[in-house]
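Next comes just one chain, in structure tokens: the form predicted on its own.
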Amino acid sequence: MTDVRSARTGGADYRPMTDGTLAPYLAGFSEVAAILGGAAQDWKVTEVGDGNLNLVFIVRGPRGSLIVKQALPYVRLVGDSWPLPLDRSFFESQALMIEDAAAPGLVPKVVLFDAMQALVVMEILTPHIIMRKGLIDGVEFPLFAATLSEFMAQSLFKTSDLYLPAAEKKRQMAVFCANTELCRITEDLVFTDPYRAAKLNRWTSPQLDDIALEFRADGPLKAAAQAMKLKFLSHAEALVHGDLHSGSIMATSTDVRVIDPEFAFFGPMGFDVGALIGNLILAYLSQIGHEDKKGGRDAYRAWILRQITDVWTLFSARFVELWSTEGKGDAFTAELFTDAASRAALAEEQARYMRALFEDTLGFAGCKMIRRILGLAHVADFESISDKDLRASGERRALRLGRDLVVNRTRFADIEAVAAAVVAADATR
């Protein structure tokens, strides 16, 4: 991992790339040219970025292809009125390399990080599609739950005090502590803005005007959301992806990969797990707007519901397995738990730990669901529904369930109870 002092990106020579300037620039890097083959004039560059923050290009050569992602000095979704540091490309490249070491083959390989131009060149994923688009189109991904549970278990466990020596964890934390601007976006957009009259808030109006006002006056909800924000601010449990949702996953029927960890930092593990589950719930509740007739997506709803339960069940089992077999960090020192009585005591503590992580997961899931409907950046699952009344009806159910997950996160017995609540919420359509 690069030293924190190398996190300075951009400079006097920084310039946003274009279809015409990228190939000549990349020609100066032998590792890139070796993969693409030929010379710069033989390469085809296509801008494909449709995200909120960055430029993204596909570069195709005679021998192979690559993805290039370049940070802009502002939030692309909003424009240059919202400046943003270029350092986020550094954090993304570092996170990808750490995640690849922890969970090999589950993220794209980094080929090059160029600090001067704030860009990352990485393995292209093809014929993968963004999972969110698949969820809208009713596509099933057979390896999704197994892959994401493995990714989260490995990447979270192996950057935690359960696995790392304290000094090494602190060294890694020191690097990612500098990712303050992207953390601030999350702190505001996820945990605070949906509960106040923020300038950038938007929602399906006028259909949701009443519930938006209601949530801004909801004391218990605001207190619970701020309790989750405090965990986000203060619980440096592991390196979290920071933006793990269906738009940050590329998949086929035979492969699933996690992309875009530029929001990575050391925070609460439940933030990643909750973000993923919350987005799956949104996908489930949005199916009302993607079926040709009532009930036409019921089989697909059942598939999504299985992903919700399987993700948590597989993740929690794998995490505890890793803890029991590879727990060599400075927390829960392994040599203290070699006899039968001590191992039994450790198992009880592991159960308590996972219960707390489950409750965090639900709280963060609910916060994510609410912010995706009342905040700045919405999800295509709902936004692609042209009938505003139909869209708002699904969003309203998601808001009610999201509130329940945040406020009553300690009352859900298990993931099956969450799944039952999802089905009950949808049954009111």
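The shown structure was predicted, so the numbers you read here are calculated from the model rather than taken from an experiment. Note that residue numbering begins at 1 and tracks the sequence as displayed.
Although not depicted, the form predicted together with a small molecule is the subject of the following passage.
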* Pick from L189, M97, L125, L314: which has a non-hydrogen atom within 4.5 Å of the small molecule in the model of the complex? -> L189
* **Candidate from F263, F113, F266, F141 lying within 4.5 Å of the small molecule in the model of the complex - any heavy atom** => F263
* Stretch in contact in the model of the complex with the small molecule, which is absent here, among 87-95, 103-111, 242-250, 149-157 (heavy atoms within 4.5 Å) -> 242-250
* Would you please decide whether L376 lies within 4.5 angstroms of the small molecule in the model of the complex, comparing each non-hydrogen atom pair? => yes
* To do: Using the partner position in the model of the complex, report whether V75 sits within 4.5 Å of the small molecule, counting heavy atoms only.
  => yes
* To do: Decide whether I185 counts as a contact residue for the small molecule in the model of the complex under a heavy atom distance cut-off of 4.5 Å.
  => yes
* Asked: Is I385 close enough to the small molecule in the model of the complex to count, meaning some heavy atom within 4.5 Å?
  -> no
* Using heavy atoms only and a 4.5 Å cut-off, decide whether all three of L53, W82 and R371 touch the small molecule in the model of the complex. => yes
